[in-house]
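Taking the form predicted on its own, here's one chain by itself in structure tokens.
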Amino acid sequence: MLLDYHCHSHCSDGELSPEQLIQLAEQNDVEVLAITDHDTIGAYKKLPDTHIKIVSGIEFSTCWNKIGVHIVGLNIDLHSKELLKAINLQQKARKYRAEIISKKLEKVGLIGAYEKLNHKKHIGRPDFAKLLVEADICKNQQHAFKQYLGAGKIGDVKNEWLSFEEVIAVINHAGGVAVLAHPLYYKLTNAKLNRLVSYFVVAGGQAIEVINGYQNLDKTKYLAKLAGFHKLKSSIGSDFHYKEGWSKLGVNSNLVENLLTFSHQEY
């Protein structure tokens, strides 16, 4: 069975529209799909009819111990007042952060970046990287991050996200399941990762991503063991953004045990 509990549309930083995402999922024989755009549920206003089972989802940005962390919410009530308030706060924080990044990048010659991006509902560092390349300030987006947008660089602006505990509480109040996204992405030592997961459990988290896109079997086994140790459910997803990217929609559920299961919920 092919499942995907983590992917993105152009409502945040993905390439495809929600309709195109569903079409691609159908082509790939995906049977269960959650669209988890960053700090928005806009995709669920535009979904076409499909035989695929749709699980409502979102991916929140937050921080733990001064480290940027993402938490996916699955099977959430899209009409939850707490959820809608949290989304509004996150989007305001994202907008303010984009304005600050734009002002900082003026010092390296990128003028009027925010004005060029203000039409977008979701503005992130990749958008600024693209502008740096178009302005011939950087040779490619990798260079833009290395020189100006990566950790400790001029465009590395920390955001005032909802707290780690607040994000998990919002997901739980919306009747959903809080999932720690891509645990290996944060490049923590084994001890620190275990502390993060322990804290996540105490705060009300219920699952971790055991598979996020393409990864080797050793990493999957490690994360499955981590989930088991902390008595958490497992989630799997492609983290799909682009058709020409590093992942494709759909993950084989036979690769892991103790998977999340959801009853049907109208979105």
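The first residue of the sequence shown is number 1, and the count goes up from there. These figures come from a predicted structure and were not determined experimentally.
Beyond the structure shown, there is the form predicted in complex with a small molecule, which is absent from this document and is the topic of what follows.
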Study note, to complete from the structure: None of Ser163, Gln142, Asn190, Asn88 but one has a heavy atom within 4.5 Å of the small molecule in the predicted complex; the exception is Gln142
Check your understanding: For the spot marked by Tyr44, Lys92 and Lys95, is every residue within 4.5 Å of the small molecule in the predicted complex through some heavy atom?
Key -> no
Exercise for review: Give a yes or no for Asp13: in the predicted complex, does one of its heavy atoms lie within 4.5 Å of a heavy atom belonging to the small molecule?
Suggested key: yes
Review point. Do Lys233 and the small molecule come within 4.5 Å of each other in the predicted complex, heavy atoms counted?
Key: no
Review point. Does Lys53 reach the small molecule in the predicted complex if we count a contact as any heavy atom within 4.5 Å?
Key: no
Review point. Looking at the partner-bound form in the predicted complex, is Gly175 within 4.5 Å of the small molecule by any heavy atom?
Key: no
Check your understanding: 164 to 172, 142 to 150, 191 to 199, 74 to 82: which one contacts the small molecule in the predicted complex at 4.5 Å, heavy atom to heavy atom?
Key -> 142 to 150
